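Encoded as structure tokens, the following chain is the form predicted alone, with no partner shown.
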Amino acid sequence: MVSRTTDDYMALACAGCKAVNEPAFWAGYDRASAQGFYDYFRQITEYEPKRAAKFCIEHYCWLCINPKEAEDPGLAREVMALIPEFLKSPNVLGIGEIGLNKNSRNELMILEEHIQIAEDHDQLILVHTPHLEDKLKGTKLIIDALLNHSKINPGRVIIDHVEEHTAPLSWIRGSGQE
């Protein structure tokens, strides 16, 4: 909702919308510092809930550093160190939208660290599968990363952006059924 106008909130309210769910997302450019993420996290945990409430809409959000910005592990870790402070906000649903973009080693490493934050703080997880021609490989890597964390309950994980060739893998492996 951070990219939406007040008119959009009004239209949602007129359509009967009672709540919105906003995953942390890539801003269309790589942020230059952890301070930029700090301000963004404040926006989606403090400002947007107040703006939505003016239209009787509840605003919920997820926290993470997007996979597109995970190529710089130093920056990613600085950002992830901020997340526990914001998990106390009543509108935070969990960790997300985490996942992979190019299926790189750095993205996979940061994905694993996001999963660990979710495990450590008993949070829901929202996963975004890659928008690449190698979506199947990326989905398999994501599922394997989730399965590497035995304390993660698959029923508390949402895998988004699945397609006909990744949906069965996401459902079967994600549910613990093989």
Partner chain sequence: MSGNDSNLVDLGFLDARIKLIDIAAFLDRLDRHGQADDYRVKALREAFAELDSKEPGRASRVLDALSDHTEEPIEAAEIQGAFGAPPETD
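Keep in mind the model is a prediction, meaning the values are calculated, not measured. Positions refer to the first chain, counted from 1.
A second form of this protein, the form predicted together with the partner chain, is not displayed here; the remarks below concern that form.
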Among 118-126, 134-142, 37-45, 149-157, which stretch has residues whose heavy atoms lie within 4.5 Å of the partner chain in the model of the complex? 134-142
Given that the partner chain is not shown alongside this chain, does E58 nevertheless sit within 4.5 Å of it in the model of the complex, heavy atom to heavy atom? no
Whether K18 contacts the partner chain in the model of the complex should be assessed with a 4.5 Å heavy atom distance threshold; does it? no
With the cut-off set at 4.5 Å between non-hydrogen atoms, does K88 touch the partner chain in the model of the complex? no
Verify the contact flag for R77: yes if a non-hydrogen atom of it lies within 4.5 Å of a non-hydrogen atom of the partner chain in the model of the complex, no if not. no
Is any part of 13-29 within 4.5 angstroms of the partner chain in the model of the complex by a non-hydrogen atom, and which residues would that be? W26
